[in-house]
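Only one chain comes next, encoded as structure tokens, the form predicted on its own.
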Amino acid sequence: MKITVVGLGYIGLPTAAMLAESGHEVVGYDVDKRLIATLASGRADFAEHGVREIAQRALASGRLHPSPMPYPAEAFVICVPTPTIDHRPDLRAVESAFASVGPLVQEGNLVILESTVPPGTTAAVAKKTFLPLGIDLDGIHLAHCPERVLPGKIVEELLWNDRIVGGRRTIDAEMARTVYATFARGEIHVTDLVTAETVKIVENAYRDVNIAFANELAVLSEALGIDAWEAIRLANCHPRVDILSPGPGVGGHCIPVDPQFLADANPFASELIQTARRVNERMPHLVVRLARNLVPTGGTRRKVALLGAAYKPDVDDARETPALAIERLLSDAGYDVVAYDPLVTNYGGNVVADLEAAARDADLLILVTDHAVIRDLDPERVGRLVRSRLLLDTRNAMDLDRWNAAGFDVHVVGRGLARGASLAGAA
């Protein structure tokens, strides 16, 4: 088929590349002219190795054509971001993407939206776009196929994860299924539009609620004087219990955002989801309160070094990262803050790739992101850089024996703390 992919970001570029490698002629359109120029030169400057390699192969094959404008095609696949503004879904990118292909859509064409959206969005935006152009929705095929991949494993999960394909009609879903079946190895489940839209949001809302439960256990364990990590480990020995881990907050492009779509759809029927969001959004505040208890400013500026800026380990993705919230809160409280992260470049705060620049004369280290390169740090080397050998581990990721042996006073969120500092008290 001739396929136009709209949006060449984390999902659009690898999807376009896989479609091209499967034999389709693919035009990849993005509003970022610099990105298009880079891809047109045959380069894919993408941090994730698998994505970079498959994109460069597709470009070299001549079947993936980066373009600053969309082209007519038999199928259009829309992969653009859907952020939130003040906890409300921002659909401007989706609406703009539909508008860009609207004049190109002809009878019999297939239009697929991959972007995560509130239930009912695909049909609503399609009507808003196509009906004024005189396009009968019964004359085209409309589907929603939400992406379900994890940064760091994008290519693997695009290939092997099950896919959900929802169609306005059964024939629409089946037509979309045939497109994904050309490269997807996982099972492809066919359903209706609204169910497909809802399933993706439900998956991430479930994880958000589970993490919020773990975070509340960390706070509660502080009050009880027990180790939350040990309690969770033992509870997970039960065959029907699977509690996730506490942490400094929730980041990424999905979990902090998607539950808002359900809450916005019906605020009165989503109280648990909204509460979980508040619990997870509170965690950076609790971490900062704990840091302030451990290292009071005392009228002088103290330096805090954050270890990690990405929202999860071993990726360069800093979207919605709790590290940025922690940095801003500490800065507002009068601390000098710098984040050390050799993977992240697009952060929005004060980040460096040099450990010495971050840790030099630090009064407190806060482990935020447990990259392998951070877990493997030599505490003796770090100890020679800092002013005070004090570490706050928000992920229970560091080797306590090694850091204690190097003279560090290590505090773990959810575990008994010295000096009377307590997350429960911070709440």
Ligand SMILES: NC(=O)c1ccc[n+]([C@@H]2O[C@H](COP(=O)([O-])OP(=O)(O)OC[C@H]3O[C@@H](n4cnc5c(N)ncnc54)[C@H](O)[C@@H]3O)[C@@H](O)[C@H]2O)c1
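Owing to the predicted nature of the structure, the values given are computational and were not obtained by experimental measurement. Heads up: residue numbers just count along the shown sequence, starting at 1.
As for the form predicted together with this ligand, it is not shown, yet the points below apply to it.
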> Are Gly12, Asp32 and Pro151 jointly within 4.5 Å of this ligand in the predicted bound form, each by at least one heavy atom?
Replying inline: yes
Checked Ser245, Asn350, Thr82, Asn161 for heavy atoms within 4.5 Å of this ligand in the predicted bound form; positive is Thr82
The one option of Glu147, Asp172, Asp208, Glu222 with any heavy atom within 4.5 Å of this ligand in the predicted bound form is Glu147
Of the candidate stretches 49-57, 371-379, 24-32, 388-396, the one with residues having heavy atoms within 4.5 Å of this ligand in the predicted bound form is 24-32
Non-hydrogen atom contact Thr116 with this ligand in the predicted bound form at 4.5 angstroms
yes
Q) Is there a heavy atom of Ile232 no more than 4.5 Å from a heavy atom of this ligand in the predicted bound form? A) no
Could you confirm whether Ala97 comes within 4.5 Å of this ligand in the predicted bound form, counting heavy atoms only? yes
Q | Contact label in the predicted bound form: His253 to this ligand, heavy atom within 4.5 Å | A | yes
In sequence order, the residues of 175-189 that place a heavy atom within 4.5 Å of this ligand in the predicted bound form are none
